[in-house]
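Structure 1 and structure 2 below are two forms of the same protein chain, each written out on its own as structure tokens.
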Structure 1
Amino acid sequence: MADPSNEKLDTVTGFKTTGHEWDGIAELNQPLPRWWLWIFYACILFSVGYWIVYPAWPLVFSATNGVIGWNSRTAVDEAIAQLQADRGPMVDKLSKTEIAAIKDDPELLDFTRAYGSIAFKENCAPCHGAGGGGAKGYPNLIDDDWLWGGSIDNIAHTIAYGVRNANSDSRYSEMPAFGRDGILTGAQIRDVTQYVRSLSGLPVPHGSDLEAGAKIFADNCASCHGDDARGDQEIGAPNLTDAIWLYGSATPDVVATITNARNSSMPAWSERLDPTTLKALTFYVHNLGGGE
């Protein structure tokens, strides 16, 4: 402990030293700066006001509520109510307007486009791409080729209930894993692969047995994809005669599709988004280019 008797007056500054001394180096014992001290006291006073206004002190069973009754839960509810009030009549109008009638009202049209575009970026773009262009395994939404239908009603249903998920209203169909489950042999899969590729005019390797492929197709695939292979939107069976291939048109891709099946899924967005947002999304997707 410092010995007060060691305190010396520092002749240069006029302050006393603390009494500590290391090889002739001593520490000045200066008071705290006044400005600092006053801010310190002001903070203490402020905290007293804070205790009174906001929830603060824990008591036996609950805490003091503060005179303004602030609460984080009611605060966020109020902020969201304010947000809805700010968006105001347009959201209300959108919720009451049929999707087909939105385009007749230029102001509502602009609003719905913006509203749908924001919801699309947050919820849909991770799979379908920022512009709706899709990717391998994630359908393109800007062309006019639809798996489950491109009418407003069909798009609305697909967005609201999704595809192959746990929702009881979800779109559902399941292609068998023809190779994995032993329905077709490797040779049969190769034949039907080349037959299916030939349907959309893709060049097939010399010596492919397209007749055998056609027979295998008629026996195994036509029940869903149709005798003419043009698919069936009722059961999400894709059209195999066009140049659009969700999982790729190269021979290994098609073989993999037939061997293991794909059966990808999409969430049911009605479980996460409100009806007005779903409506804006439906309009937005329908308007991306391929809506029927």
Structure 2
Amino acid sequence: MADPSNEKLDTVTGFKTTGHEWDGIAELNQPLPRWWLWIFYACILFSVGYWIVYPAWPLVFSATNGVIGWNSRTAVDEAIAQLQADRGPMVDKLSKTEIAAIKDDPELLDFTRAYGSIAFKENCAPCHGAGGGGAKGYPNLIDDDWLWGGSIDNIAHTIAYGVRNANSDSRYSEMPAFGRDGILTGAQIRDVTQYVRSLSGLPVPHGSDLEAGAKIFADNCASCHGDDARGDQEIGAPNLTDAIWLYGSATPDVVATITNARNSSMPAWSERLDPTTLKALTFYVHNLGGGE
């Protein structure tokens, strides 16, 4: 609190002090700059006008609408409605065109690519990457390796119904957890790991018993991956002879896969997207570069 007895006239500025003083430094009782005051008053007037013009005051179950009746929600609704109106003719055309015939119509082809690209970025990119290149545990969609097939029909089914989910038409397969469930011992897992790695030309540690690994593979893995280890798209079993590894090719990665299995899931997009969007998305994914 200021001490009135300490108020003095500052001889340099001509203003009185407030009575506050710190370490011999006195505070001047100087008025605020006039330009600052005008800005402050203008802000107050602006805020009052804003309260009147725009929705601002909360009520019990809603809020004031404002004089102009504008709010961001209605603006977004109007923008979406306008976009749907603009897209309408092409969306209708796409819905009536067989997916194989899209490429025969240049205008529809450009629209489908753009439409599919947007749908991909909004729904698929968080897992598969913005360009479809995938990541560890998420398939690369621009190569030529497909767990469930890369034809238009196969891709359409995978996108529509997903993988290992509650949808009755979902793609489904399940790899046993050979180590966790006690099917194989640790030594057997190490042997089959190096055998599987050798199938794609990867270097294996000196002294690895590949013959034992081959026997373990034939007894436990060939029923799904095939005697030649080239996989089976009917059941989503990967090809183990190429250089494409969904969960990594390093020894610890392969051991972890065999020990605990890798049964990831993909949503059934038919439960979230309309048929026309699914068609555009299917066409887009098929044309990323790796479609069969």
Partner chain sequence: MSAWAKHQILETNAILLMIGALIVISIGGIVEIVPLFYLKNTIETVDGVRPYTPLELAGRNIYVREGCYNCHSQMVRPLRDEVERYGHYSLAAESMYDRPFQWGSKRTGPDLARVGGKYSDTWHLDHLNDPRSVIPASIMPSYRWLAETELDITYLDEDLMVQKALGVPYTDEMIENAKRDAVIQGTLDPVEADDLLARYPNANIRDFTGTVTASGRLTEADALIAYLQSLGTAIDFNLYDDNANIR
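All residue numbers here follow the sequence of structure 1, with the first residue given the number 1. The term rigid core refers to the most C-alpha atoms you can superpose between the two forms while keeping them within 1.5 Å. What you see is a predicted model; the values in this text were computed from it and never measured.
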Which of these two, 1 or 2, is the form predicted in complex with the partner chain? 1
E271 C-alpha moves between the two structures by 2 Å or more, core aligned: no
Just checking, between the two structures and with the core aligned, does S47 shift 2 Å or more at the CA? yes
Would the C-alpha of S151 be classed as shifted by 2 Å or more between the two structures after rigid-core alignment? no
Between the two structures, how far the Cα of S72 shifts once the core is aligned, in Å: 12.5
